[in-house]
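Read the single chain below, which is given as structure tokens and is the form predicted alone.
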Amino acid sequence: MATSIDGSMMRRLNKTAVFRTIYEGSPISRAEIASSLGMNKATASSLVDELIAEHFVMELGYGESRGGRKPMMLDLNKTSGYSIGIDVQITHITAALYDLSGTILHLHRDALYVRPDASAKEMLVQQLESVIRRTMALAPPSAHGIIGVGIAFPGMVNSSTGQIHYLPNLEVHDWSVHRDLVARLQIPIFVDNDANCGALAERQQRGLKQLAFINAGIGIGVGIIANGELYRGQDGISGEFGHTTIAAMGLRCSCGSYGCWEQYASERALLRYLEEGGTCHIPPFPSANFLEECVLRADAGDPHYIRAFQTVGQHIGYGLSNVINGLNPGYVIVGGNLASAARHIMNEVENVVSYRAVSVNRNVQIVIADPSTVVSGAASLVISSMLLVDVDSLADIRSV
């Protein structure tokens, strides 16, 4: 059944298309926008004028002439509003303030405390509210202020509903986190899995259509870009490769199964390998600074730490070979806390993949992500869900 679109809605859609064209292709002229979109020049120019009046777009000055008058070039007004990206991990929360171009203005990290005798949901929502409010206060004055917050969680998240199905290492089940945070903050909130956020950021940065982003920390998750789009699966929780089995009679996992990949290739696995090697004075659970301290000891030549990292690297390689053979991604980016130990683990990762990946999968490029990749991907949820889908949605929210 055909759906009719009235003139107001058509103009709204066209306006968003014009904004997206400027966002992705600036500097650009009005004539180039009209040509790119197959749009009437007068209509394109009128929509550009609206975006300028709303401070989303600005005029840069005249460009080079191509035979006629010099065109006025347009650009994104990156300081017209700001977004916040949050990366929630088991031991810490990283928050960053971004302008509309995706440039980081402020980044800070706070330890995450969840008391055994308290509700993990309540503790999380309190700390998230506190972190978000502190980050909001850092934003310079602007026409649109904070346009939204994107949050990456380490577990099974349905981004379309804002529902967390399960955070395995925090024992959080069935939580409407979007509802709870919107009620407290009264601003747009977007949530997704942390590995998905990493994959989105890498797609945007590298322009790749096939990739797998491995987020390796306390646990392991995989974000999948297939044919240029994020693959989410039926219920929005694809990519839980950390809970695939690599040892049939293996260790019990927090998810309730046995022999899961993350039990052998994570920070917790690193801690266990150190214990098994007889290393003393290590915490019962990885702390926020645990990995940093381990890297320093390995850098100093401590054989126990070097050996433990090598073992982690081998097991990352075993699971990664399964990911590569199953997805044939062409490009693999390793992120998360363990990426900071790349110099101690990547040789083992690459060696294992070289003989366990099959055929042309051995040619897959494996690189290390920037530490801010996940938090940047979380912030990009705001732009991609609001301004690039419906640029007038921000005005709608402000008018409520």
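Residue numbers run from 1 along the displayed sequence. Fair warning: this is a prediction, and the values are worked out from it, not measured in the lab.
There is another form of the same protein, the form predicted together with the DNA; it is not shown, and what comes next is about it.
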Among 238-246, 262-270, 219-227, 67-75, which stretch has residues with heavy atoms no more than 4.5 Å from the DNA in the predicted complex?
67-75
The listed residue (Ser29, Ser340, Asn361, Ser372) that reaches within 4.5 Å of the DNA in the predicted complex by any heavy atom is Ser29
Give me the residue from Asn351, Ser36, Thr43, Gln365 that has a heavy atom within 4.5 Å of the DNA in the predicted complex.
Thr43
Can you tell me if Asn14 lies within 4.5 angstroms of the DNA in the predicted complex, counting non-hydrogen atoms only?
yes
